[in-house]
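The chain below stands alone and is given in structure tokens; this is the form predicted alone.
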């Protein structure tokens, strides 16, 4: 198995992040699986090691600037033989819903600020931490997991949509600055994915409507251009394409469809 650069995947304890970590590890990348739940990341890392790969769990809170480096101390120490982190996948994210005029009024929490801290500033801080080493090495790969919510609006999701638009806009600008540096930055923007985040959306809709979980899941799938929910493995395949390729400043919009390796019918690529 070819040894690829040391890779850091945030939000790697479940769902899309876990699928990405496993896919890159199968390709030969040593992977730091980072998230707020060390237990979940340990389970993912153990599964990768059992499959013959190299993986290191890490507790990481992307909203805490002091924790970004401190939370990785043990993992970085264990992974030191693999060199610096040259591949970074920013997947950590949250999604909560509420009418756009009522965000925070009921709970006292500013949900706009909460989403921006995780979905935008979290990714930005990770890039600021690890991109300098990539630029020094004149090689590196950054993949930001955004959402179709970074390309369009959705009702009752203004905070989430705003944070993902911020991430997309930032990434578009950063990719242009990175051009010809040897470091690439690309975006993955899936529509609804079969993931724990979507499970949470289903639960909230069921609580507020007369729909059953099955009806709600079918409704969300029907919102995807391809008519089906996207699998985490499909997202992971696109991340692998960006990590292993030379493209820079590209958006991959995953549409849903046939539930297979993404192709021209299920994913749309265009310049960011």
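Numbering follows the first chain given and starts at 1. This is a predicted model, so every value here is computed, not measured.
Note that the form predicted in complex with a small molecule isn't included here; everything after this is about it.
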Discussion item. Looking at 128-136, 174-182, 75-83, 144-152, which stretch has residues with any non-hydrogen atom within 4.5 Å of the small molecule in the predicted complex?
Written reply: 144-152
Worksheet item: For residue 262, is any heavy atom within 4.5 Å of the small molecule in the predicted complex, or not?
Response: no
Practice prompt. Classify residue 241 as contacting or not contacting the small molecule in the predicted complex by the rule of any non-hydrogen atom within 4.5 angstroms, answering yes or no.
Written response: no
Worksheet item: Do residue 169 and the small molecule come within 4.5 Å of each other in the predicted complex, heavy atoms counted?
Response: no
Worksheet item: Using heavy atoms and a 4.5 Å limit, would one call residue 212 a contact residue for the small molecule in the predicted complex?
Response: no
Worksheet item: Looking at 88, 159, 92, 187, which is the one with a non-hydrogen atom within 4.5 Å of the small molecule in the predicted complex?
Response: 92
